[in-house]
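Just one chain follows, in the form predicted alone, and it is written as structure tokens.
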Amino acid sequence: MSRPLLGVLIEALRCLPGVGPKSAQRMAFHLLERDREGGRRLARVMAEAMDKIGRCRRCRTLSEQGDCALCTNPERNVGLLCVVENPSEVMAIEQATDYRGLYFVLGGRLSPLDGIGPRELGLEEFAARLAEGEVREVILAVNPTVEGAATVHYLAELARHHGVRATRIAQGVPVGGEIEYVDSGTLRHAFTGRHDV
């Protein structure tokens, strides 16, 4: 006997991050009771996106073409290469900064216990990109976790091996943050990364 379609829809919506059973139920009822056309449009766009969006051959971000719009933009600085963990971080950097270089998306961070090594992160492609000789600086924008630190160390060694400068984005007290509420790890990074004013 097949499950009721409403239950299948609610369960399907739970694949989204942060969506638990109650949120999925609210979404399903909203679409069915108030926005069936929105639901149909969402289904069409989701199906098309799943079929047509892949990875950029050059930087590994999400793209409909073989090479993404950033990699093919002649106004980008090919000498700067920012390494991030996920495509969402490319979008965040593009929206929040005036960075005009290129990117390389790892798709995660080194985690041998989870079976994620250099091969899974495309580090052969990364090394090949450095070997081309255009990149002068690699900006490591990897999250400050234990695995992130190991990933940064590995990437910095690869960069040095190719004669490329490796830098890491600053870490510390957020803008508008109050020191008394900042955790000790963040404060430690802030003091270590201090600079002249």
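Just so it is clear, the model here is predicted, and its values are computed rather than measured. Numbering starts at 1 and runs along the sequence shown.
FYI, the form predicted together with another copy of the chain isn't displayed, but the following is about it.
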In the model of the complex, does residue 51 come within 4.5 Å of another copy of the chain, counting heavy atoms only?
yes
Taking heavy atoms only, is residue 111 within 4.5 angstroms of another copy of the chain in the model of the complex?
no
Contact flag, residue 88 vs another copy of the chain in the model of the complex, heavy atom cut 4.5 Å
yes
Quick check on residue 47: any heavy atom within 4.5 Å of another copy of the chain in the model of the complex?
yes
If the criterion is a non-hydrogen atom within 4.5 angstroms, does every one of 124, 149 and 160 touch another copy of the chain in the model of the complex?
no
Out of the stretches listed (126 to 134, 161 to 169, 35 to 43, 139 to 147), which one is close to another copy of the chain in the model of the complex, meaning heavy atoms within 4.5 Å?
35 to 43
Go through 15 to 36 residue by residue and record those having a heavy atom within 4.5 Å of another copy of the chain in the model of the complex; state none if no residue qualifies.
15, 16, 17, 18, 19, 25, 26, 27, 29, 30, 31, 32, 33, 35, 36
